[in-house]
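Take a look at this single chain, the form predicted on its own, given in C-alpha cells.
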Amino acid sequence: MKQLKSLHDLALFGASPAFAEPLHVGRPNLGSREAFLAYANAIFDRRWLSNNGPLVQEFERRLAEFLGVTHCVAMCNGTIALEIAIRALELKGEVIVPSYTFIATAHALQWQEITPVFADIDLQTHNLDPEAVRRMITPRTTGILGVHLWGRGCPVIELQAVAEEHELKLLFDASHAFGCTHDGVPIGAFGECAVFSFHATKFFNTFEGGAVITDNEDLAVKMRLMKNFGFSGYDNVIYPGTNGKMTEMAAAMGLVNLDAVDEFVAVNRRNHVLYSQRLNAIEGLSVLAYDDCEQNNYQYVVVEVGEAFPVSRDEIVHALQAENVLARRYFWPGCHNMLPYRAFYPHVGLLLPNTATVADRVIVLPTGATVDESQIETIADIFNILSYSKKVGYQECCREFL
C-alpha cells in the first residue's frame, strides 16, 4: 500500500490513489454462503417464492425475538414499511420530523400528502430536540416521527411526554439502530412502532427489505393486511392495501445474516475503536462516540470537523475521494434544502441552526467487514497530512496543481 507522508503524496496533487479499488461507506455484510445456498435450494424445491412463505414467517418470528417485541411485519423495503406504518397509524395533516435524516423519512410522509414539518436537532446527539419539536406543533399536527440517528437512541421519554401532552402519535425510523438499545431497552420498544431498513448498505441486510416492529397487536394486524392488498384469506379483500411483501430469497439472506450479527458488530466495533484512537488525536477532529453502557452496532464512523482543523470538511471529502476513499457528507444539506421541500418552505432553515451546523461538519467514513486495520491506518494518515497543511501550504499546492 502506498506510503503517505506529505501533501505531494496525495492523489489530489498528482500521485497515484492510496487504494486501487474504491472503499465504500456501506459495502454489504454477508453471512455464510453455504447456509444461504441451502435456503435457496429449499426455495427452489418448494417453489414458494413470495406471499408469506415459511422463511418469511421464520424471519419475522426470529426478528421479533431478537428485537424484544411481540410483532414483526417484514416488508419489501424500509421505505414501503415506513409508508405503511404511517398509513396504519392514520396520520394526516402535519407530522414533525428532523431534517437531518435520509430523504426517505420525509418522502414517506409527503408521498401520502402529509406535510413533513422539520424540527431542529441536538448539537451533541444529532437527534431530535424535544423542545424544538414542541415549538413546531400546530392544530394540524397528528404525529412525531423520530429518527434514531447513527444507531443512538432518540430522547424517547421526552418525546413521548410531548406526544401525550398534545395527543399525538409517536413512531420511530430505526433504520440505523438494528440491534441497539436505549437505556438498556432494545430500540423498537418505544412509541407506537419502529421501522427498520434492511437495504444492502445497512449493517444488517436482506438484499433489500424492511420491517415494522410493534407490541400493538391491532396495528400489526392492520399492517399485515395493508402489505398484501388488504387480503384476508383467498378472494377476501377487507382493507385498502398495496404490495409490500418480503420475498423468500430476501428472508433467506436475513436469516443467514442474523446468525452472523455478532461477527458484524465485532468488526464494526474494532474499526470504530481504531478510527477513534487515530482521529481523536488530531486537533479539530472528533469521532462520534457510542455509549459503552448500551448495546451498539457501530454501523457508522461519523467524524465531525471543527474550526481548529485547517482544511474544510468539503476539502477533506475531496481529498479522500481522490484516494478512492468514498467518504460521504451524510444527510447534507438537510431534507429542507432538497426539492421539493426547499420550494415549499424556503425560510425554514432559519428555524434549524443546529441542523445546518451538523450537516456542514460531518463526514462518514468506510467501515464494515471489507475494511481492515491497515486501510484505516492509511485513511488516518491522509487526515494527518491534511492536518499539517497549514504549515506546508495546502492552498498553495491546490493553486499549483490547478
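Nothing here was measured: the structure is a model prediction, and the numbers come from that model. Numbers follow the displayed sequence, beginning with 1.
Below: the form predicted in complex with a small molecule, not depicted.
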property: Touches the small molecule in the model of the complex: residue 328 (any heavy atom, 4.5 Å); result: yes
property: 4.5 angstroms heavy atom contact with the small molecule in the model of the complex for residue 282; result: no
property: Exercise: residue 104 in contact with the small molecule in the model of the complex, heavy atom 4.5 Å; result: yes
property: 4.5 Å heavy atom contact, residue 385 and the small molecule in the model of the complex; result: no
property: Residue (of 123, 237, 189, 200) lying close to the small molecule in the model of the complex, criterion heavy atoms within 4.5 Å; result: 200
property: Selected contact from 62, 361, 27, 342, since only one has a non-hydrogen atom within 4.5 angstroms of the small molecule in the model of the complex; result: 27
property: Location of the small molecule contact in the model of the complex, chosen stretch of 109 to 117, 170 to 178, 288 to 296, 127 to 135 [non-hydrogen atom, 4.5 Å]; result: 170 to 178
property: Site test, 79, 147 and 300 vs the small molecule in the model of the complex, non-hydrogen atom cutoff 4.5 Å; result: yes
